[in-house]
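The chain that follows stands alone, in the form predicted alone, written as structure tokens.
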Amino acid sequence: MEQFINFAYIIAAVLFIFGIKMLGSAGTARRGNLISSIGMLLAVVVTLMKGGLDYTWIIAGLIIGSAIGGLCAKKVQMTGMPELVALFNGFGGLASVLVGWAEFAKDPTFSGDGGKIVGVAVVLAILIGAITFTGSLVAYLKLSGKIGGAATVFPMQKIVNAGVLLSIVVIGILFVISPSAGLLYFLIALSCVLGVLGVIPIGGGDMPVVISFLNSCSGLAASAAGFVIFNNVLIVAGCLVGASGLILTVIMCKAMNRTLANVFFGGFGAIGAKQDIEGEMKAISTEDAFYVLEAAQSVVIVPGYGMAVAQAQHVTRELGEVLESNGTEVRYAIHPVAGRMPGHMNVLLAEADVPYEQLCEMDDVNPTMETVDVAIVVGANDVVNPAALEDEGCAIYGMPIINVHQARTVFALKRGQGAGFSGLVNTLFFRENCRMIYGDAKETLTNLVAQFKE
């Protein structure tokens, strides 16, 4: 039976690898997710074949977990998906903490197979898992608006964080040398505190990077838990999630022209930028915008979090279709950090059945932006702010953006004149070639579609 289970684990690991590989393309992502799910189902089923398990608790956990998961899938709107991902990351970390705690309760002296190595694995599972849990809860509260989204900084913050981390290292070493319940509880408590302290100074446009990094941490915590209980498939799955999450984090940092250290220790979003902007925002009616779009030969649509809030992805695709039927070339420009989580806009547009070939990356669309007749910005803000290119005193200076300001005409769809998630006013809205269309994005786009159909 043990050989059969290990062979099944190898098959599951192969399915994980192929599944993650397929997630790299929008056209194969759904199939890749299904393949990875099948691999996890196989791993769970064969694990349950091991002897000595209390199936009463397992069945109770399956029922409760399935009910919660099904309810979330049914009730959570696409606008709440970043918060849900943050929570899932956090509970993955909490599961690793519980595994480490349970192993200590089963063998308080680590006298079994593995000895002190198991003790080290327990410390890592608890450390990474607890940081992931509380850090993800803070990210959830920020993303959901239950606490302020801006960075929270206080005097000597970095010194305090370093002191907490050093204390964790010392307690972890003492715990491995001489395990005790008191040291374990101190380790859990300090790790939870470090998770909070590590995320509160991060805000604004950095939250997608935080979500990606915490996802990586949840994988590393799971891998450490795999070493604790000597489970090969958990080690492999955790390493895959940890590595892929870290790669995605680095890619997103590169897209923002920043380092990971700058994201976590730079206090981004804490600075209230004093912007001296000349000019005024000029509004336009949907009737006048219709005439401009009717004559346009090329249109680029740039989605942002505002599109998710308005749930306007379906009518955005409908506008693209009527523009194409009018002889207009339509593309969708996706910034790597648009929205509140990695791939947020891709998920929304895929849900609306926007053709994959029309989705363009920032580097592909920018060189041709000067030839675009109309750029339609649907709820995006920081990722199209020219201040990132022009204002050295701006908090997002140096971040690559989608250069919609180079298009012949820009229509910016916004509810009002508020700043973006980073707290910065978008200088694009004051440009001569930019016109504001105020109101709910879904209603605005529906009005434009209706005029085309008439």
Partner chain sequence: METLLLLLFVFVLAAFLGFELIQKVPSQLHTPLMSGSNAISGITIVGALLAVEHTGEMGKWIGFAALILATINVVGGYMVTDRMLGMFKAKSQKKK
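Positions refer to the first chain, counted from 1. Definition used throughout: the rigid core is the maximal C-alpha set that superposes within 1.5 Å between two forms. Not measured: the values here are computed from a predicted model.
The same protein also exists as the form predicted in complex with the partner chain; that form is not shown, yet it is the one meant from here on.
Student: State the residue from 416, 393, 61, 398 whose non-hydrogen atoms include one within 4.5 Å of the partner chain in the predicted bound form.
Tutor: Partner contact (heavy atom, 4.5 Å) among the options: 61.
Student: Name the residue from 211, 301, 131, 123 that puts a heavy atom within 4.5 Å of the partner chain in the predicted bound form.
Tutor: Only one listed residue qualifies here, and that residue is 211.
Student: To test your reading of this chain, name the stretch in 162-170, 303-311, 380-388, 96-104 whose heavy atoms come within 4.5 Å of the partner chain in the predicted bound form.
Tutor: Single hit among the candidates: 96-104.
Student: Establish, in the predicted bound form, whether 88, 239 and 252 all lie within 4.5 Å of the partner chain, using non-hydrogen atoms for the distance.
Tutor: All of them do, each having a heavy atom within 4.5 Å of the partner.
Student: Using a 4.5 Å heavy atom cut-off, state whether residue 248 contacts the partner chain in the predicted bound form.
Tutor: Heavy-atom contact with the partner chain at 4.5 Å: present for residue 248.
Student: Using a 4.5 Å heavy atom cut-off, state whether residue 43 contacts the partner chain in the predicted bound form.
Tutor: Answer yes; at least one heavy atom of residue 43 falls within 4.5 Å of the partner chain in the predicted bound form.
Student: Tell me, yes or no, whether residue 370 is in contact with the partner chain in the predicted bound form, where a contact means a heavy atom of each within 4.5 Å.
Tutor: Close contact is absent here: in the predicted bound form, residue 370 is far from the partner chain, nothing within 4.5 Å, heavy atoms only.
Student: Hey, in the predicted bound form, is residue 215 touching the partner chain, heavy atoms inside 4.5 Å?
Tutor: Output for residue 215 is yes: heavy atoms within 4.5 Å of the partner chain.
Student: In sequence order, which positions of 8-42 have a non-hydrogen atom within 4.5 Å of the partner chain in the predicted bound form?
Tutor: Read in sequence order, the residues that approach the partner chain (within 4.5 Å, in the predicted bound form) are 9, 16, 17, 20, 21, 23, 24, 25, 26, 29, 30, 33, 36, 37, 40.
Student: If I superpose the two forms on their rigid core, does the C-alpha of residue 358 end up displaced by 2 Å or more between the shown form and the other one?
Tutor: Residue 358: C-alpha displaced by 2 Å or more between the shown form and the other one.
Student: Against the rigid core, is the Cα displacement of residue 158 between the shown form and the other one at least 2 Å?
Tutor: No, because once the rigid core is superposed, the C-alpha of residue 158 moves less than 2 Å between the shown form and the other one.
Student: Tell me, please, whether between the shown form and the other one the C-alpha of residue 321 is shifted by 2 Å or more, with the rigid core used for superposition.
Tutor: Moves: yes, 2 Å or greater.
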